[in-house]
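What follows is a single chain, given as structure tokens, in the form predicted alone.
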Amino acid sequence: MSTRELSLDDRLGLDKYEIDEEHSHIQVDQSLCLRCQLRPCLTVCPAAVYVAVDGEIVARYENCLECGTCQIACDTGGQGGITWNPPQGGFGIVFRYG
């Protein structure tokens, strides 16, 4: 039996997501984001949950790794436009590797 080391993408690909299609656990206040010049959410999220679309910040919450980095970055380097809460029970990411 051979073993090979998995890349980060391979390990993340093993994770399972239970998506709450009725409620996002991430709220984005566009009025605050429009005033934000740094937009740290676009660079700090390891899962690239946040994207700019036509000048607005869109959260693809179904990809969230639940690290909370976006909330910290937004509160300290942004305008506080992101509100992140843990997903409701039974939803969110299930890590299967480590």
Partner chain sequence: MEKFDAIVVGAGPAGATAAYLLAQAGMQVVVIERGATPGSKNVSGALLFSQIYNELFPNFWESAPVERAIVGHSIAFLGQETSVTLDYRDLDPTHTPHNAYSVLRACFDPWMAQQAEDAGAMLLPGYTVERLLVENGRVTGIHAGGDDLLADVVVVAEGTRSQLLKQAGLRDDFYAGDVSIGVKEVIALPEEIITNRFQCLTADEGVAYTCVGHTGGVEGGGFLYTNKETLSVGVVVKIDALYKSQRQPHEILDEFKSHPFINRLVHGGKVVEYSAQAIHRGGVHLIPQLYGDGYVVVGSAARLLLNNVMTLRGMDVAVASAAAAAKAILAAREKGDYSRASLAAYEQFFKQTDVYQDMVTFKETYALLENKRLFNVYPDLISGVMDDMFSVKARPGKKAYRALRDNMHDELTLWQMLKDMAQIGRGLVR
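In this text, the rigid core denotes the largest set of C-alpha atoms whose superposition between the two forms falls within 1.5 Å. Residue numbers count along the first chain shown, from 1. Because the structure is predicted, anything quoted here is derived from the model rather than measured.
The next section is about a form of this same protein that is not shown, the form predicted in complex with the partner chain.
J.: Taking heavy atoms only, is E66 within 4.5 angstroms of the partner chain in the predicted bound form?
T.: It does: once the partner chain is placed as it appears in the predicted bound form, E66 has a heavy atom within 4.5 Å of it.
J.: Test of understanding: in the predicted bound form, would C45 fall inside 4.5 Å of the partner chain by heavy atoms?
T.: The answer is yes: C45 has a heavy atom within 4.5 Å of the partner chain.
J.: Tell me, yes or no, whether C36 is in contact with the partner chain in the predicted bound form, where a contact means a heavy atom of each within 4.5 Å.
T.: Contact check for C36: no, nothing within 4.5 Å of the partner chain in the predicted bound form.
J.: Is there a non-hydrogen atom of H23 within 4.5 angstroms of a non-hydrogen atom of the partner chain in the predicted bound form?
T.: H23: no, not in contact with the partner chain in the predicted bound form.
J.: Note that the partner chain is not shown here; using its position in the predicted bound form, name the residues of 66 to 90 with a heavy atom within 4.5 Å of it, in sequence order.
T.: Contacts from 66 to 90: E66, C67, G68, T69, Q71, I72, A73, D75, T76, G77, W84, N85, P86, P87, Q88, G89, G90.
J.: My question is whether G13 is one of the residues whose C-alpha shifts by 2 Å or more between this form and the one not shown, given a fit on the rigid core.
T.: Yes, the C-alpha moves 2 Å or more.
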